[in-house]
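The chain that follows stands alone, in the form predicted on its own, written as structure tokens.
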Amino acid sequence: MKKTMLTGVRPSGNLTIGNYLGAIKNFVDRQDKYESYIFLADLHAITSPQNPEKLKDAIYNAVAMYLACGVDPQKTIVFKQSDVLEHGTLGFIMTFQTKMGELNRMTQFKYKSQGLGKEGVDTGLFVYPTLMVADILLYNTHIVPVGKDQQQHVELTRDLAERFNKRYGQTFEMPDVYVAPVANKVLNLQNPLEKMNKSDSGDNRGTIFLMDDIEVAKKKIMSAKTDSSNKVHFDEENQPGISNLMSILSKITGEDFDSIEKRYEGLGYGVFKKEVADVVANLLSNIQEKYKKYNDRNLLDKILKQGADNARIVANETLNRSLVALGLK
């Protein structure tokens, strides 16, 4: 039997090439090898106040974008978190397995609550990691492709699963993290010491969005900051800018760093940047063309309904198993 892979998608705006290379592509490349699940984390989205219509639009947009990026609903179960009520029930149960100190240490909580004080933080922001734990455990997940900034949540999931299993008997699978070795973190093109972020302000020259105009995206690559050595060489510490562009090229094409360095030996950054720009442009063109096909709410509703129906079968079985373990059934 195939092992299970799961990831959650927060519907929070325009996706970047960093989102694609750091997370989406890792999932797409492995969806054939695993029993694959991908869910729209709409319950997580409401840990802060949302405009209902904008949230609904964001959910549809996120589904269409992930399908355009290669998530195949024939191979992967795609659904909305809120359509499978077992998420909320198991999430509530897992809060009773969790210490307040564990939630206080969660990086996202500490970051987002800075300056708000205890009275300014919604309870949802504090306890949402237990819902994330439920998201993972419901599907007997073996592997969770995440960025380094999300590893802490999978570690909490493992801790709580182990705690529950010791208290009540073997109930949950222990998930593992998968972090891609190349281009896991795509850096800002104008400041390669910072992560490329979709919330960048100003003219966004450092961020390439998947729906960017193709020529605009190419210009962003050509104007990316590098260094004065003019040597195509992977050295994240001393040449972060050119190393970032090499990571982008390597992740898209599959070519390793040694091969890239040999091809560009004696050549300057201008020629190299042009290749990266062309490769990125081709990627964006393909994604944007597929997005037009999937940006149909009737089609998306059918995909989400079928996905929820399939997900609910597994989630219900896992929830019932935990209720029996607790003595509630």
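Residue numbers here begin at 1 and follow the sequence given. None of these values were measured; they are calculated from a predicted model.
Not on display, but discussed next: the form predicted in complex with a small molecule.
K.L.:
Is it the case that Leu245, even though its partner is missing from this view, gets within 4.5 Å of the small molecule in the predicted bound form, heavy atoms only?
P.N.:
No.
K.L.:
Hey, in the predicted bound form, does Lys273 get a heavy atom within 4.5 angstroms of the small molecule?
P.N.:
Lys273 lies outside the contact set for the small molecule.
K.L.:
Is there a heavy atom of Met132 no more than 4.5 Å from a heavy atom of the small molecule in the predicted bound form?
P.N.:
Result yes; Met132 sits at the interface with the small molecule in the predicted bound form.
K.L.:
In the predicted bound form, does Tyr128 come within 4.5 Å of the small molecule, counting heavy atoms only?
P.N.:
Tyr128 belongs to the contact set for the small molecule.
K.L.:
In the predicted bound form, which of the listed residues (Ala224, Val232, Leu187, Ile136) lies with a heavy atom within 4.5 Å of the small molecule?
P.N.:
Exactly one residue meets the criterion: Ile136.
K.L.:
Check each of Lys305, Arg321, Arg312, Arg10 and return the one that places a heavy atom within 4.5 angstroms of the small molecule in the predicted bound form.
P.N.:
Filtering the options by heavy-atom distance leaves Arg10.
K.L.:
Check for me: heavy atom within 4.5 Å of the small molecule in the predicted bound form, for each of Leu6, Ala41 and His44, yes or no.
P.N.:
The answer is yes; Leu6, Ala41 and His44 each reach the small molecule.
K.L.:
I need the one stretch from 253-261, 138-146, 71-79, 93-101 whose residues put non-hydrogen atoms within 4.5 angstroms of the small molecule in the predicted bound form.
P.N.:
Contact-bearing stretch, as computed: 138-146.
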